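What follows is a single chain, given as C-alpha cells, in the form predicted alone.
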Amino acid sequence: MEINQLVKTIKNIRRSNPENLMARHFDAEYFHTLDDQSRRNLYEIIKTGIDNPDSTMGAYAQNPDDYDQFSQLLDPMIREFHGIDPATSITQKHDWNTSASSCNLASIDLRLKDVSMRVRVARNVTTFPLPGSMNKNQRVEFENLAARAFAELSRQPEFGGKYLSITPGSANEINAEEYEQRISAHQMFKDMSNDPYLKSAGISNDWPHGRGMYVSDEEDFLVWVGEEDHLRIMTMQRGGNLNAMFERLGNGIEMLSTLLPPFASSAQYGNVTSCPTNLGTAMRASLHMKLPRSTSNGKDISTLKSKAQTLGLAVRGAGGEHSDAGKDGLVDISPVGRLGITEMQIMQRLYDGAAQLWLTETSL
C-alpha cells in the first residue's frame, strides 16, 4: 500500500474504531523516518489491525527483535493495554518458587477440591522468525526440531508421552478423526486458517503444515506446536492444588529449555510473544467455578464480570469468550495481568480472586 494511502487508511480507522490501539498510536512522522525495508517490516506487523479495524491491539510481531526495533510505536500500545504508566519503567521479573505460598482451593471450601484448572505459557525460540514470518519449510523444520526434543522429553518418567502431528505426511501424523477427538477434549487447537486476524498477520499461513501437539501419558501436560507462537506449554488438571499445577508447568518448561534453542526474551518485556497482549510471563492461568447465584439465572455473567474486574480477574462463559455461564453457573476465571507481574503473583491472584468470588457466592 502506498504510504500516503496507508496513513489515510489508518486515520480513518482511528476515527471509526478508536479502540484499535495500533491506529490510536500510529505516528505518521515516525513512519516516514524509517527506511524502505523497515517500513515494509512495520507494515507486516500492523497489517492485521489495518485489515481488521475492530482489532483491540492491531499488531502481531513478526520477529523476536521487533519490540526493540519498533518500540516507538509498540511501547505506547503495550503500556496502554497492560495499564502501565508511560513514566514507569518496565522490568519483567520471573518467579517459579511455588513453596513461598500455599494456594490450595480446598482450604477455601472443600467443595472446591475438584475443579478444572489450566495454566499455559507461550514460548518462541531465537533461531526462527516468529510464526507470522515463517514460510512452510521453516514451519516444518521447527516442528521436526520440536519433535526431536519431545522424543527426549518422553524418556522422562514424569513427562512421558507422544507427539501428534497434523502435518500431511509427517511420521507422527494423526488422522482427522483423532484430531477432532483431541479438539473435543479441549486438548488440540482448532483450524486457524479462517481466522481473519491470524490470517492477516501471516500466522495461519501454510495450515496445517508444522502444527501438532505433545501430550503426556497422563494427559495433564501438553505442548502446542505452531499455533500463535512456536510453543504453547500447558498443564491441565482436576483438583484444587494450584501450587502442584504451577510446579509441574515450571518443571516442564525448564526441561524443554534444555532440549531446544534459547527462548526469546527481553529484559523489559519478558517472554517475547507474537501478540503484545501476551508479553511478560506470557501466561494465562484459569479455573472453572460454579457460581449460580452470582450469575443471573445461572447464565448472565455481566454483574460477575464487574466484580471480578475489581479483583484483577477476567470472567468468561463456559463456552469461552462471548458465551453465557454453563450448567450450574459454570464460568472460567483468570487473572488479567501478564506483564510486570510474576508467575507466582498470578497464582496468588487467581487463588485470592477465587476466594473472594466464592465468599460473595456463598453469602448471597
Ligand code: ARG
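So that there is no doubt, residue numbering starts at 1 and follows the sequence shown. Being a predicted model, the structure only gives us computed values, none of them experimental.
Omitted here: the form predicted in complex with the named molecule. The next part is about that form.
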Does S38 reach the named molecule in the predicted bound form, with heavy atoms at most 4.5 Å apart?
no
Is L330 close to the named molecule in the predicted bound form, meaning a heavy atom pair under 4.5 Å apart or at it?
no
M57 within 4.5 Å of the named molecule in the predicted bound form, heavy atoms
yes
Using the partner position in the predicted bound form, report whether E228 sits within 4.5 Å of the named molecule, counting heavy atoms only.
yes
None of F263, F128, F189, Y197 but one has a heavy atom within 4.5 Å of the named molecule in the predicted bound form; the exception is Y197
Name the single residue among N241, T277, S216, N251 that comes within 4.5 Å of the named molecule in the predicted bound form, judging by heavy atoms.
T277
Just one of 167-175, 204-212, 277-285, 149-157 has heavy atoms within 4.5 Å of the named molecule in the predicted bound form; which?
277-285
